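Listed next as structure tokens is one chain, alone, in the form predicted alone.
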């Protein structure tokens, strides 16, 4: 997956191409890479952690999004032990920051309405839901109906107000 992620980041302009003669896929899994963002390392270079998703790798801002506004149109297939583990982590106030934010597609309707769709992060979402949390940490990925169509195919709405 990191192999594909690195090429996607490079193609989107979020990371610089490797110097001539370097193999992009030979990098360690958690290596820091030079990108275009506002995050700085101690040496003054822009850095990003490759543990981010391809969609939100260039997004630093994390929001607390109300659970009630998030639409999850595809049913989740859950690993119960993973959900329980996440619930324990989220419930422990000191460990809650170790849970990464979910990615949410943010689509503005033709009449200005805001719509929030989530397709990944199903275990994190379910853990928050079972704990009756009102919000979930999320990175908002500006999207379009065309992007939504890639996830939902012909089930995607044709129009959002």
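Keep in mind that what you see is a predicted model, and the values were worked out from it rather than measured. Residue numbers count along the first chain shown, from 1.
From this point on, the text means the form predicted in complex with a small molecule, which you will not see here.
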The single option of 65, 99, 59, 107 touching the small molecule in the predicted bound form, heavy atom within 4.5 Å:
99
Residue 71: touches the small molecule in the predicted bound form, heavy atom cutoff 4.5 angstroms:
no
Looking in the predicted bound form, any heavy atom of residue 54 within 4.5 Å of the small molecule?
no
Against the small molecule in the predicted bound form, would residue 123 count as a contact residue? Criterion: heavy atoms within 4.5 Å.
yes
Tell me whether 82, 86 and 89, taken together, all sit within 4.5 Å of the small molecule in the predicted bound form, counting heavy atoms only.
yes
